[in-house]
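Take a look at this single chain, the form predicted alone, given in structure tokens.
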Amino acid sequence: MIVAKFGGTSVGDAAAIARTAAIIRGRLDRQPMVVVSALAGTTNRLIEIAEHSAKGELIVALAILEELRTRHFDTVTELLGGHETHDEVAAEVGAMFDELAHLAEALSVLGHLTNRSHDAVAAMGERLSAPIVTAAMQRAGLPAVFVDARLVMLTSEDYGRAEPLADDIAAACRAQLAPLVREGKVPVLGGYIGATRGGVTTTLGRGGSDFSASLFGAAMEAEAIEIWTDVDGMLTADPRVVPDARLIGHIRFDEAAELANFGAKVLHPSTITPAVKRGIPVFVFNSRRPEGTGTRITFDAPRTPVRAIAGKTRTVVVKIRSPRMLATPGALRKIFEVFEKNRTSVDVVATSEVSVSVTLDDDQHIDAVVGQLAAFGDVSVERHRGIVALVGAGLGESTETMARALTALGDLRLHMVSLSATGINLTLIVDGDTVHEAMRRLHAAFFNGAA
């Protein structure tokens, strides 16, 4: 069996949902189960509803709610108009929007948005889309069955970024999904959402629909996990930055994970982990061009020095310098405990005998971090930096490739250079406003035949 996950643009409107049904029809012989995101843009609007409500701006929140209600009703009518299931699905959608309105009203009274209530609102997108997609597939003659993901995706109580309970998920899949698949049914579930053992709604964090698909695939021992999106697959660079970026036909798991962590948007970084543990291949396809070959992600792709180039802006560099670090046991451990204590993740690290430099994506707690790091020495913060990463499983074995990369940057200023311990990525810290230019120069050097 396979797990096919369809992102927001792949279920964004009636036409997209019809394409999704056609794709699944062509895969019935592979016993598919389907995971869907909210209709494109819905989750952002739901979060706006929650935030406006908590600020006491109920009229604004309800206006957004009615806009979403109309959009979903229009989609239901376009897909199911004249069919016997239309009234039932419309009533179900209406009931969920009534529930959302009650939540908004409660938040406006409380004047406070907790992580738990945030999840209750944000989860509505997938709670709405999965029954609509199921009904559309049924009308198309597919043996689709809606399954509430909250009965299967069991999680911790860490609202907003809940941790999946793998053993509980596996047991629930065996009990509820496996029998449906064996009967030739197509289970349809919402991604991103789950529930605690006590039944309270949770979410897996943004991008969690991919994670859901991978977790379900691992639990069901799927032969493949397919991620259907609005691009042809993983590319050698972001095409918005590098217009001549090329499709990557085959890529290794570790390379794909590195690219995701360094800014590639096709896959959520956590998507890879459950599949890696089970050795399940992941495919990325374009739902608008299902005939395309897409990208295959496995353990055994050929090793190459540079598979792709990724970049991200708005990076912050923190530097700690102190002669007291020299030959002092435990100095690094104590420094990194500060970041851990303040729930701040570190990306790139460079050290010398008397200094440590790190990069951060999230500077939300930077003032507290800097204040506590001051106990170890002089601390400086450099904003407006960016990261450019060359990723390839054979990169660490090729000194020539690294020299070529530095040469390609020419006159662009470098602040840090780091080769990962596994040799899979070469990370370059540059000025934030030169990230895109650096990516274009490196892509030209490695993919456009430049010597």
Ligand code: ADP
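As the structure is a prediction and not an experimental result, all values here were calculated from the model. Residues carry their position along the shown sequence, with the first being 1. We call the rigid core whatever largest set of C-alpha positions still superposes within 1.5 Å between the two forms.
Another form exists, predicted in complex with this ligand; not displayed. Remarks below refer to it.
Across the proposed site, Pro32, Asp167 and Ala172 without exception lack any heavy atom within 4.5 Å of this ligand in the predicted complex. For the chain shown alone, Phe216 is not a contact residue for this ligand in the predicted complex, no non-hydrogen atom being within 4.5 angstroms. At the 4.5 Å threshold, heavy atoms of Thr229 reach this ligand in the predicted complex.
Interface membership of Gly233, defined by any non-hydrogen atom within 4.5 Å of this ligand in the predicted complex, is confirmed. Using a 4.5 Å cutoff between non-hydrogen atoms, Asp238 counts as a contact of this ligand in the predicted complex.
With the partner omitted here, the stretch from 317-325, 239-247, 359-367, 180-188 that lies within 4.5 Å of this ligand by heavy atoms in the predicted complex is 239-247. For the options Val152, Ala264, Val306, Ala130, the residue carrying a heavy atom within 4.5 angstroms of this ligand in the predicted complex is Ala264. Contacts of stretch 1-31 with this ligand in the predicted complex, defined by any heavy atom lying within 4.5 Å, are made by Lys5, Gly7, Gly8, Thr9, listed in sequence order. After superposing the rigid core, the C-alpha of His436 moves by 2 Å or more between this form and the one not shown. Val242: CA moves 2 Å or more between this form and the one not shown after rigid-core fitting.
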